[in-house]
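So this one's two forms of a single chain, laid out as structure tokens and tagged structure 1 and structure 2.
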Structure 1
């Protein structure tokens, strides 16, 4: 192995936490393998670079191009392809969020590289990177390695702990001018749906989800109120999304998003295997359901048997009192 490259995403004047998690994972691999690591950000700012340094990244490549003022995954893949070749990179890490899951396979295909997605563990054995990932809807985990010269991995959010280095480092920023044309922008974002104040369940520390027990879209304010008290993202089961009560972007489960928050609160969710596949790796699971025999109680850390229409408002009130929100 020659060099590790981490794809970084900016968020206002800082980096996304998922990018900080990827930096921390790269720092660990770099130390174990004795190889350097660096980051690449597209149209990044000084604040983004500074944040990367706080997590132990000494070298950041800032690729700047006016065509990327509107994000394009095909153009981003072209940029990464150029940088990876010029920098002699052979290991690339992406966060397994919406942008990373779209970009990582594109980059792997352009490089004819092996790709392992949804990694929950990375280590070094006999000079190889060994990745651990869930299979069979989370019922088992496998370890795998990539035999190709270039290796691409995406990391499940909220699994790798983002830790600041605590060391004083000298930052080096390299501005890179990629060779792009309009032909590279085959896929791009023409309009962005804005959900002010709403977090993506993929990246949230805390998620409050509602299920069929909520009985209708008009009652989802209960879930939103509890989520607001926690400062959490709002999630939903497949039954809720299929009924049209909530958007698919909030769906947690086998046919939705796979999440690993520190706290997952399931309200009126029975716990079908398809839903459990998407949230069973949560650090702490709290279940609220009036059916004491609901499958969700077999996997939760804390369970409340009761009517969510009574329990959730009281819980929200207590949480607001404790958090001051």
Structure 2
């Protein structure tokens, strides 16, 4: 192996947390394999580069092009391809978020390289990067390796820990002018709709989700007030979304979103395999359910057997007392 490249994404004046996680993973791989690592950002800023430095990344390539003022996955892949070739990179890491999951396989295909997506572990054995990845909706896990010279991986968000290096390093930033034409931009983002004022389950450290046990949309304020006490995002089971009580963007599970927060609180959710598929890698799981035999209790860290209509408001009160939120 020769050199690791991490695809970085900015968010206002910092890097996205998932990018910092990828930098930290690259740092670990780099010291295990004894090879250098660098980052690539598209139309990045000084602040983005500085943030990469704080996480121990000394080299950042800033690819600038006006065609990338609106994002295009086909054009981004073209840029990455050029940078990878000119920098002689052979290990490429992406955050496994919406953008990374779309972009990484396209870059891999351009390089005729093997790709392993949604990794939850990366290590080195016998000179190979060994990836761990959930399969069958998290019911099993595989270890796998890429055989091609160039290897591409994406990392499940919030599984790898982002750690600052704590050392001051000398940054080298290289501006790069990619060769792009309109023809590279066959698909591009034409509009963005932010969830105003609402925290997204994909970005939250804590998620409070409701299930069919909540009985109706009108009772969801219970879930919302527990979420607000925690400073958490609101999630839902499919039963709740299918009943029209909550929007699909909040659904957690196999046909919803895959989340991995520090704390996942499941209220009135039975714990069907398809729901577990979306949240089983959460760090701590709390379940509140009136049925002591509910399957969710088999996969939780802390469970409360009781009626959510009395437990949730009490819990919200006590949490609020502690957090002051």
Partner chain sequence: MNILVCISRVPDTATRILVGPDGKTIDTQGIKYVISPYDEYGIEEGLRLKEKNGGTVTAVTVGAEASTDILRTALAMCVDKAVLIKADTQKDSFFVAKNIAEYAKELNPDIIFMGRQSVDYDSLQMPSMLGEFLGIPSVSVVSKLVVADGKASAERDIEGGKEIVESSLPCIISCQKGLNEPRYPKLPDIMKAKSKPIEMKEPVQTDVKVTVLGMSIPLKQRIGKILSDSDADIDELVRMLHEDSKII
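Rigid core (definition): largest C-alpha set, two forms, superposition within 1.5 Å. Keep in mind it's a predicted model, so treat the numbers as computed, not measured. Residue numbers count along the first chain shown, from 1.
J.: Do you reckon the form predicted alone is 1 or 2?
T.: That would be structure 1, which is the form predicted alone.
J.: Residue 64: after superposing the rigid core, is there a C-alpha shift of 2 Å or more between structures 1 and 2?
T.: It does not, since the residue 64 C-alpha is displaced less than 2 Å between structures 1 and 2 after the core fit.
J.: Superposing on the rigid core, do we see a C-alpha displacement of 2 Å or more at residue 288 between structures 1 and 2?
T.: True for residue 288: a C-alpha shift of 2 Å or more.
J.: Examine residue 246 after superposing the rigid core and state whether its CA is displaced by 2 Å or more between structures 1 and 2.
T.: Shift at residue 246: 2 Å or more after core fit.
J.: After lining up the core, report the Cα displacement of residue 312 between structures 1 and 2 in Å, one decimal place.
T.: Spelling it out: core superposed, C-alpha of residue 312 shifted, distance 3.2 Å.
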